[in-house]
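Below you will find one chain, with nothing else, as structure tokens; this is the form predicted alone, and questions on how it binds or moves follow later.
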């Protein structure tokens, strides 16, 4: 029996654990540096059909219907006057029980935890070192040593495992943007709505059948080193109020009054793709590569990547990094294009953008290449 260490109890690590739980050839442990798993987080995520197809294999289709939502469209608006630009029909990518889905991240975590024995999740485990010998030796902050055949680093954009493996070369870079997230109740929209403004955009979408909506905005903002490295800086109420007031002042939607429980954080992205020399070490999710959050594929790719690792382990195929690198490059390109297009500020450029958007969102060949090739596994 081969034993596997999973670093990080997020979406990617927990989904992989669900797959391993059904296979008697592998044993595993999940090491999480936090001392608890937050199941009260009300913020939303989007899951495209590529990840829903995989989640349904472990019972996601039996989720409580009131806890999920199936948006049919993505609507694009000008933030300033709320004028609709165009829309994309998401239903064209759905098949059978695999439908584009939105929900609270905490609900997905709760679902993924159901089939994992509690004794397989080791909380308060801060990884301090990795030694690659016949077996992988993992050292933790409490001076505990554990040995494994395989290591799966699923510990996010600030991955400690990646930092140990690659030193500073594995560190992410600040993307000159800040994200603010919040919740909205009883918003009058049944689909995903993207509002485009000068140097910012924001997205609102339902996350269940209870009239709860997720709000997220990406705002271009340059910061100096000691600002984006200081976590307390992003908890400052004055900063948060200034950000929400800034985008609200440039929109006919009164965000100040309707968005609640607002938090903000800096956006970091990967500098480049890094692949460990040791073939028994896998990086997945944001620990493998973190791209700009303008294509709504973060959670879906975490699930997809975990599935690819499971297939690699099961079939001994060594195809994981080849497959993951190819998919990551495609998504990173699309995320970067979206980020650029969504934040145009020159009136002439925005006019041209809107004209092109209207054409492309109705072009089936373009949509199949730009979205369908990502959504299909």
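Numbering follows the first chain given and starts at 1. The shown structure was predicted, so the numbers you read here are calculated from the model rather than taken from an experiment.
The discussion below concerns the form predicted in complex with a small molecule, not included here.
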Is residue 297 one of the residues lying within 4.5 Å of the small molecule in the predicted bound form, judged by heavy atom distances?
-> yes
Do residue 17 and the small molecule share at least one heavy atom pair within 4.5 Å in the predicted bound form?
-> no
Look up in the predicted bound form whether residue 285 has a non-hydrogen atom within 4.5 angstroms of the small molecule, and give yes or no.
-> yes
Taking 4.5 angstroms as the cut-off for heavy atoms, does residue 182 touch the small molecule in the predicted bound form?
-> no
Listed residue that, although the small molecule is not shown, lies within 4.5 Å of it in the predicted bound form (heavy atoms), from 31, 320, 310, 28 | 31
The listed residue (110, 89, 252, 126) that reaches within 4.5 Å of the small molecule in the predicted bound form by any heavy atom is 126
Just one stretch in 54-62, 340-348, 31-39, 311-319 has heavy atoms within 4.5 Å of the small molecule in the predicted bound form, so which one is it?
-> 31-39
